[in-house]
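Single chain ahead, by itself, as structure tokens, in the form predicted alone.
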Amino acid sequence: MIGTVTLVGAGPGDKGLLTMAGAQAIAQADAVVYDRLVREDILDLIPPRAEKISVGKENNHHPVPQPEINETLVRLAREGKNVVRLKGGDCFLFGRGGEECEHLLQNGVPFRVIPGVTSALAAPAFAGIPVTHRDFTSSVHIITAHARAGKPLTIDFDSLVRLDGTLVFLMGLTALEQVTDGLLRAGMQSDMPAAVIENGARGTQRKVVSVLSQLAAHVRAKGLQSPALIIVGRVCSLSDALDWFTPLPLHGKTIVVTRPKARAGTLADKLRAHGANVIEAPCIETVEREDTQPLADALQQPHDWAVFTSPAGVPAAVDALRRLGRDLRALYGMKIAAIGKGTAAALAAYGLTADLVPAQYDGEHLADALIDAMPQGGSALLLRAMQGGQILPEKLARMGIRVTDVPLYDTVHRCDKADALRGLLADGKIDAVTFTSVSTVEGFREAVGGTEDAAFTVFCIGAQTAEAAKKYYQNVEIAKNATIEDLLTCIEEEI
């Protein structure tokens, strides 16, 4: 049985600009063939079981020639695989998607196309430049300014000038002077507003807005690099007034999120919404323990409270009970405590309401709240990680509360992006690293090695996490309260 090839436009940057149809296609893929400019957070959507093949084309450098890419798609489809051809921007806009579809058609391979958001429209939008505006122009024209190595551009500049519309040149930074000189020779006004946008629609976006005759000099002075696009037209004069992206508080900052993959999204999405360039690099993962005997033994004893110290502990408890042939009714008669609102939300997903959530979300304050709830003593069943901190059980025990500590899962140090992180750190391209637990601190340290003199700032949730971070790093900040919102506030105030 022959498979299907789906061409997916990945958009210009992070996964927020990937279409829902594109994300669904990636999630269902058996193999993904992807380009260089596809971001890591989109590649993270590829199922672990899927084959990943990089065909990273760069300007004038194609490590995998187009004919080989075409044949790779045919080969994978003939193996019966559901193949995604993941392309930066839009599949059919200077992406050679049409050629790939023709080759698939010639070889009897069924295909479909899911368009993507093109940088030709997205980058200007993120730079405050509407490509059309009834007070300025009613047309936009997209041109490739890419020429073969050593060859001059073959662009009809005279016709472009006569169009009197917004001109967007893709893949043209190396030919910037040829573009500006060509337009000027064709009669375009020297003071025509123009812009170059680097890393458009990304947290590291930079721009230069000038006039046509001075654009190249200003771009070189600021050191803009590829990927970048050129925009020429009167609409560029609106950039400063309509720029909503650059003023965001975290714009231009690169921040690493080290939370487990299942929990990274909340913090990462909030950081992106504030303009940051986010690198999701989980440094720990949770692995549920197969041995359910400690839980079975614990359930033979009465307990006043069932205590959950992380969101991961909730599904781990449900799975462990299921393996015992039981369900959450095994906790009947116990009150339920959660270390924070994230854990309370995880409980709510299973229909359970936390009876106790401390004002500050850490082990010490959870212990204090439980002690206040059991003034005459009592018993607590801790359902948590094998590597859980000792402050909570020790403080409860000192107050005469019987503690049964049941390990449901292990926290394992693992970072698939360790090499990339080390490279970025060596180049000084990371501004901040966030830690939400002691385990994330240790996992990051294990992944990247010694970075005591690193210039980045560490932002932590919880006093215990901060103390662990201070063993390795000099610039450590702690959120006022152990919440994602307070962590975000701390980052905005200190970075």
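Note that residue numbering begins at 1 and tracks the sequence as displayed. Quick caveat, the model's predicted, so the values are computed rather than measured.
In what follows, reference is made to the form predicted in complex with a small molecule, a form of this protein that is not presented.
Checked against the small molecule in the model of the complex, the residues 118, 180, 310, 411 give one hit for a heavy atom within 4.5 Å, which is 118.
37 is the sole member of 454, 50, 37, 463 with a non-hydrogen atom within 4.5 Å of the small molecule in the model of the complex. Taking the partner from elsewhere, every residue among 93, 199 and 228 has a non-hydrogen atom within 4.5 angstroms of the small molecule in the model of the complex.
Taking the partner from elsewhere, residue 233 is found to have every heavy atom lying beyond 4.5 Å of the small molecule in the model of the complex. Contact annotation: residue 203 falls outside 4.5 Å of the small molecule in the model of the complex, judged by heavy atom distances. Contact annotation: residue 88 falls within 4.5 Å of the small molecule in the model of the complex, judged by heavy atom distances. Within 4.5 Å of any heavy atom of the small molecule in the model of the complex lies no heavy atom of residue 369. Stretch 166-174 is the answer when you ask which of 310-318, 292-300, 166-174, 370-378 has residues with heavy atoms within 4.5 Å of the small molecule in the model of the complex.
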